[in-house]
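Given next, in structure tokens, is a single chain: the form predicted on its own.
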Amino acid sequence: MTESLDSAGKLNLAYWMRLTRTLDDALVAMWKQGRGVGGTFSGRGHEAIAVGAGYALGPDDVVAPMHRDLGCYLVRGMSPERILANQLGKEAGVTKGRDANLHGLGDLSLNIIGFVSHLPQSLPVALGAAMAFQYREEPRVALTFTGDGSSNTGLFHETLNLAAVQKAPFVLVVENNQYAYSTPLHEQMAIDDIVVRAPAHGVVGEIVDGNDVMAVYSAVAAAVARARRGDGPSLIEAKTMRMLGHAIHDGAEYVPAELLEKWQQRDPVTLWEAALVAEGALSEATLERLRGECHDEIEAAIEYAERAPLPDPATIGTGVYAT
């Protein structure tokens, strides 16, 4: 695993982030138009974290993303068609109509652990996978994400403690987007940086700019390499801003407008595209073509999802834990 990328790798990051943003915008628009049956969560502002972290993993590694990690699902091989079909409650969706939501996107054939919607319950699940790899002496790593609010829960600390004791091949990315639903960071904790909790548990910790995809990729790639060598777990705090509400029904009126305006100037997708143009890796013409290709790809996925059939009512008891 390298901690730097060649030109092709950098262009791949641009593609995945632009595709993520395009799909995210489509999900929000469809919900507002009444063209969906489930809830919608936007990851606008989180694209660099989801894509950068997902891109740093090896093909056999396991990831447990959450509801703002749409880019990670895409990078790991989940198609926009399946995601959109899931949102519409269709048979072609990941859950075959059982969960019309971004919560239901687990697919172990892609090494994606399904999101446990009550944060941070995905943490011990991902740690369990990491400990299984360790027990079987497999050179694999488990990575998961959580938010700033969940870093104040007992399970967050219990998971970090056990991961450190076991020296498990485990990487935790905390997406510090400054709000736990409507609670701002300064009302959640008396510290400025969540990462200070890492050394208390004997875990390597690092802060990264969550709007800089290369910074995220490099930090996660280094953490994954450490874990694969047997050097134990890492905690990476990626600082960013949630640009929309907790979910689409939440207007986020509690967020100061000037704070959103400040972070809008550091939009992770446009920042990376501008950086590639500035270094000559991407021309304006190629950038426009990239945006057009992502738009067309998502439009085709929407058409597919809307044409796809609903699940057969006779199968309602299939694939559920209780009937």
Partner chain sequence: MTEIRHLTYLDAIAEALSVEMERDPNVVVLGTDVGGSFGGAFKVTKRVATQFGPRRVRNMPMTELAFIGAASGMALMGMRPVVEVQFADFISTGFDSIVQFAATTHYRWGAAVPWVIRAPSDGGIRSGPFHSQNPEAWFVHTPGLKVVAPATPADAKGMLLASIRDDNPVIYFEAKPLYRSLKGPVPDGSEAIPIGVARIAQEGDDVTIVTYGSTVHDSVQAAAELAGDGVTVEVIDLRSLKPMDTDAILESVAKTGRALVVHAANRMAGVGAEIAAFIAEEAFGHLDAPVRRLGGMDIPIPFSPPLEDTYRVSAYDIVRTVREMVAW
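None of these values were measured; they are calculated from a predicted model. Positions refer to the first chain, counted from 1.
There is another form of this protein, the form predicted together with the partner chain, and it is not shown here; the text below is about that form.
Colleague: Only one of 173-181, 232-240, 201-209, 156-164 has heavy atoms within 4.5 Å of the partner chain in the predicted complex; I'd like to know which.
Modeller: Looking at the partner contacts, the answer comes out as 156-164.
Colleague: May I ask whether 108, 129 and 320 each come within 4.5 Å of the partner chain in the predicted complex, counting any non-hydrogen atom?
Modeller: So, yes: the whole triplet contacts the partner chain.
Colleague: Should residue 148 be classed as touching the partner chain in the predicted complex when contacts are defined as heavy atoms within 4.5 Å?
Modeller: No - in the predicted complex, heavy atoms of residue 148 and the partner chain never come within 4.5 Å of each other.
Colleague: Are any of the heavy atoms in residue 222 no more than 4.5 Å from a heavy atom of the partner chain in the predicted complex?
Modeller: Taking the distances in the predicted complex, the answer for residue 222 is no, it never comes within 4.5 Å of the partner chain.
Colleague: I'd like to check something about residue 113: if you look in the predicted complex, is any of its heavy atoms closer than or equal to 4.5 Å to a heavy atom of the partner chain?
Modeller: Within the cut-off, so yes.
Colleague: Could you confirm whether residue 95 comes within 4.5 Å of the partner chain in the predicted complex, counting heavy atoms only?
Modeller: Yes.
Colleague: Among 134, 218, 79, 188, which has at least one heavy atom within 4.5 Å of the partner chain in the predicted complex?
Modeller: Partner contact (heavy atom, 4.5 Å) among the options: 134.
Colleague: Considering 269, 298, 282, 62, which brings a non-hydrogen atom within 4.5 Å of the partner chain in the predicted complex?
Modeller: In short, 62.
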